[in-house]
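Take a look at this one chain, the form predicted on its own, written out in structure tokens.
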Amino acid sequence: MNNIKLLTGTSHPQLARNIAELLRMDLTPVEWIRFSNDNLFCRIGESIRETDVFIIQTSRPPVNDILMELYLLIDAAKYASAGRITAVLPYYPYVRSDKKDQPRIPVTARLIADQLVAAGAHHVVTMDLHSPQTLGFFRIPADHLYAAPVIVDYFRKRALKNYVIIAPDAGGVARARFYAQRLSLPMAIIDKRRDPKLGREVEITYIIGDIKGKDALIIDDEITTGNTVFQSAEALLKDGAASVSACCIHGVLQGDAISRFKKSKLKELTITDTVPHDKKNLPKNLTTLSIAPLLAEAIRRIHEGESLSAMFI
């Protein structure tokens, strides 16, 4: 591919390198300086004039610093006369703040969309949004990718015969049904209630569907603290499931989530690498699938003006 440049901040260098390797190109160097007053500075290390620029930056702690890196890179590319600037966000920042469901709160996911446009982005690519309606916040082209091809391929090779797909709540029914259909498996639904006064604590009232003697596989879009998935595992086993595993696209796993996973009743946890983790600290029963091939193919198709719909299964 000609006339294309790949840039990245400090959010997930390994993912960016993997994408560049698949596209048989080098990452464009970027110099970062943090001044004594905590101000951040970046300089793109080579000419990008009239090129098709893709900036790969996922969301991870410290989220606001990572966001500022993204805005600075977009702004630097704009003033360096880039032909087109595409922000590639594998895990969209503030993705769950997508609605006004309480008095006097911001809709931060929409604010991020506005800021990306204000910074100078012409196009946005993201993956497995908590609510697909978030795409409606953008006034520029935005493509929504799914990790499903990678996840479905992984579980098809496992030949899951005695499994049942579990939706962890009513909001995840469509996602669970999607995977259940492609894996030719039955599904069940957990009725989960969350008390706003209790914060992250949830109450599982009952399970809809036959899980007795079955190996349950919980499918979710994101695991942050793990509270929901760990409580779900206990409820499923108590209700007669033979074993419980879980799969999510965005394995954020903040705080003590990994140590809690080690102590939990989950047989296995499968995530993707939309969010970086230190592999040395991950248990053996945690599998990480790479979405670099999906993103590399999407970047190639966008650059060459091809349709992305063929990537959806």
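Numbering starts at 1 and runs along the sequence shown. Fair warning: this is a prediction, and the values are worked out from it, not measured in the lab.
There is also a form predicted together with another copy of the chain; it is not shown, and the following applies to it.
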remark   = Of 193, 158, 238, 212, the only residue with a heavy atom within 4.5 Å of another copy of the chain in the predicted bound form is 193
request  = Select from the listed residues 68, 258, 286, 27 the one whose heavy atoms reach within 4.5 Å of another copy of the chain in the predicted bound form.
outcome  = 68
message = Counting only non-hydrogen atoms and a 4.5 Å threshold, tell me whether 105, 224 and 254 all contact another copy of the chain in the predicted bound form.
response = yes
inquiry  = Since only the chain is shown here, I'm wondering whether residue 80 would be in contact with another copy of the chain in the predicted bound form (any heavy atom pair within 4.5 Å).
reply    = yes
ask   = Are any of the heavy atoms in residue 188 no more than 4.5 Å from a heavy atom of another copy of the chain in the predicted bound form?
value = yes
message = residue 234 versus another copy of the chain, in the predicted bound form: is there a non-hydrogen atom within 4.5 Å?
response = no
In the predicted bound form, residue 154 touching another copy of the chain (heavy atom, 4.5 Å) = no
note = For another copy of the chain in the predicted bound form, the stretch among 276-284, 46-54, 242-250, 262-270 with residues bearing a heavy atom within 4.5 Å is 46-54
inquiry  = For the stretch 287-309, I need every residue with any heavy atom inside 4.5 Å of another copy of the chain in the predicted bound form, listed N to C.
reply    = 301, 302, 305, 306, 307, 308, 309
